[in-house]
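First, one chain by itself: the form predicted on its own, in structure tokens.
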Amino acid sequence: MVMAQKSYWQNYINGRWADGGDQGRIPIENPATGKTFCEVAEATVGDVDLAVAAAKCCHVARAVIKIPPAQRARMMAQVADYLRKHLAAIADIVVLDTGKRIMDAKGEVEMAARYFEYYGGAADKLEGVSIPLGDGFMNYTVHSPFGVSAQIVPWNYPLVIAARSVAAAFATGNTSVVKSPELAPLSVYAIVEACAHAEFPPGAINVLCGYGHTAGAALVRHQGVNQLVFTGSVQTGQAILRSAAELVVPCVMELGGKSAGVVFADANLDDVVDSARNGIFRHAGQVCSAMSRLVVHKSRYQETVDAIVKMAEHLSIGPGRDDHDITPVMSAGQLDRIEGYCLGAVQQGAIAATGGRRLASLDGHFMPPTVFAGVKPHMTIANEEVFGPVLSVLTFSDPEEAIALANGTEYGLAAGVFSRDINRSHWAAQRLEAGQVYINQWHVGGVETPFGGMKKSGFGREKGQEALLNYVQTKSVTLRLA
């Protein structure tokens, strides 16, 4: 079946499409219009049981493990080829689903394909080691899959985040149960269709759309789950970790961010402005590693604010299908939340240099690019994740103060340094408490670069070779030789 828009979508369990057990349906809204355009079968607790049982049965039968790694790699290459072949159609679904611009949607499909291509290439290279124990003994290690990997996917990048988890899991011999986001579930089905095209065994991939408090909660508490992979808020991550602790289930957690770019006095201002465009205004700032704060040397403060405001006010605003620079935020609730943070910032004394209020003149959920000047470290807008196109600008006088401000939140997902001095840049990069540090740019990296957080931004790594180690356990085997 070729990926195409339709009025009703089902769940995928054990190689078959299925309605929800209670026949319930979840309405899916287009963020650019605020109107429902299709429905998805609502997964129940019973559907979670069926999906986990299918994944467990597939694992116990060793249906994935028995596929030679080289053959697994070829199957994953077929998934990548399928996604690329239907890139335009899938991208159209991504735009309807998430509201992002068509150019970014096409990039997301390509990156999803790259995950299967990249991890497929690693499937036959997960090698153990031989450890010398002396005469009469032999020891070797093997990488053993956990079994059923439960993956809870967020609504901002559902296709690519599901792809990176499913691809890494299959490459290492695991089976997957994916809980797609109820706000934007459609693009995940492209992975289902691609995996079916590549003839993944029944139960190797299962996809459910359900609400977090029902299907999501049932999945993370399920006795049949062997590993949890979650991307989302700190609060939800903490709840999942409590359940995982009771069941002693290992987790990969990619949580929130309040990432800061440090602008030293010798920074190239064009680099800063370009990074703000890409780092906080892209996809309406709905990116966990968004550059939501700038910490600027006082000698460059005003010109930096002025330059970013000028850029922001020239960005086009409108639906993603028309490739506007600023696209809608995900939902009415998200828009209320973002605007609430902005109003609170003004009440605390920050200055809205541009933006700060929703665009009531447009249908859908639109927030203009917003820049706050005069932000102080104690303000809420400087500490909490807004998850919208809102940039806070702070000042510093000396390098140590800059690092303290950048590290001054509970998050540690990303950080940046802007300076022409390579020694200063390296000095700062070593001191910034973040899982990834960008120098003179933002959001540069591919499937090859490990990604994850420090502090309350989470633990474990996705992307890159390092991610595969999250999906396996090392087994040590020792022989007494005759």
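These figures come from a predicted structure and were not determined experimentally. Note that residue numbering begins at 1 and tracks the sequence as displayed.
FYI, the form predicted together with nicotinamide-adenine-dinucleotide (NAD) isn't displayed, but the following is about it.
Contact with nicotinamide-adenine-dinucleotide (NAD), judged by heavy atoms within 4.5 Å in the predicted complex, is confined among 227-235, 342-350, 320-328, 131-139 to 227-235.
Using a 4.5 angstroms threshold between heavy atoms, Y82 stays clear of nicotinamide-adenine-dinucleotide (NAD) in the predicted complex. Heavy atoms of Y118 never reach within 4.5 Å of nicotinamide-adenine-dinucleotide (NAD) in the predicted complex, leaving it off the interface. When nicotinamide-adenine-dinucleotide (NAD) is considered in the predicted complex, F387 lines it closely, a heavy atom lying within 4.5 Å. In the predicted complex, at least one heavy atom of I161 sits within 4.5 Å of nicotinamide-adenine-dinucleotide (NAD). Listed residues T98, S180, S259, T175 were compared with nicotinamide-adenine-dinucleotide (NAD) in the predicted complex; S180 is the one with a heavy atom within 4.5 Å. Listed residues V188, A204, A406, C288 were compared with nicotinamide-adenine-dinucleotide (NAD) in the predicted complex; C288 is the one with a heavy atom within 4.5 Å.
In the predicted complex, the residues of 132-154 lying within 4.5 Å of nicotinamide-adenine-dinucleotide (NAD) by at least one heavy atom are, in order, I152, V153, P154.
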